[in-house]
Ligand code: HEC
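Before any questions on binding or motion, here is one chain by itself as structure tokens, the form predicted on its own.
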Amino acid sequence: MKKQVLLAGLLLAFGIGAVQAADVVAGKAKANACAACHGMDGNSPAPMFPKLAGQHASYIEKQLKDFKSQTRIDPTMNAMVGALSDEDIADISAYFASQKTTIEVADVEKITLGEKLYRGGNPDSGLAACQSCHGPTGTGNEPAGFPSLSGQHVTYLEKALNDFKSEIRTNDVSEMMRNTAGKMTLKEIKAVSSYISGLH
């Protein structure tokens, strides 16, 4: 019995039998298929596609698994991830998370309203401040499952918020983003999206 306990302790100490960590190098090779839309380093060249660089690995992994299970619907992404294994998804997620995101420039005319909403929400409509989940600099909260938003394309941010508002997108935990975006006007969505794109 003592030998079994000792062996178990050694296995844990040296990580033998533990879940294999994601492989960033393998992830880079596997991410080749993602490059056309998201950029080889995760900084997408087209504003309608999200930047993945610097995003939390666990968040990317959740989105890819949601696309695979069709909990999140997008015909292109549903097809792209269909053949990926859990290991592939973990490796790709780890690779993009290891990259550095680029920062956009916010529209000067939208900064005042965008910052007001991001920092303090809108008490009149019951809109909570974005920073309460996504942090003062937009880096999110990985343990809580809140993504990094800093530097994301304005076009993609607007689309995401509008999709949550119209409930086209429904893979948010506890309907948090649907409830949030549902309280926002289109003007507020445009302003806060612009502000976030330059936030860092």
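Just count from 1 along the sequence shown to find any residue number. All values derive from a computational prediction rather than experimental measurement.
Quick note: we don't show the form predicted in complex with ligand HEC, though the next part is all about it.
- Heavy atoms of every residue among 74, 133 and 169 are located within 4.5 Å of ligand HEC in the predicted complex.
- At the 4.5 Å threshold, heavy atoms of residue 176 reach ligand HEC in the predicted complex.
- Although the partner is absent from this view, residue 127 contacts ligand HEC in the predicted complex, with a non-hydrogen atom inside 4.5 angstroms.
- Contact check for residue 62: a heavy atom falls within 4.5 Å of ligand HEC in the predicted complex.
- A residue is said to contact a partner when one of its heavy atoms sits within 4.5 Å of a partner heavy atom; residue 159 meets this definition for ligand HEC in the predicted complex.
- Checked against ligand HEC in the predicted complex, the candidates 84, 113, 103, 106 yield a single residue with a heavy atom inside 4.5 Å, and that residue is 84.
- Along 23-40, a non-hydrogen atom within 4.5 Å of ligand HEC in the predicted complex is carried by 33, 34, 37, 38, in order along the sequence.
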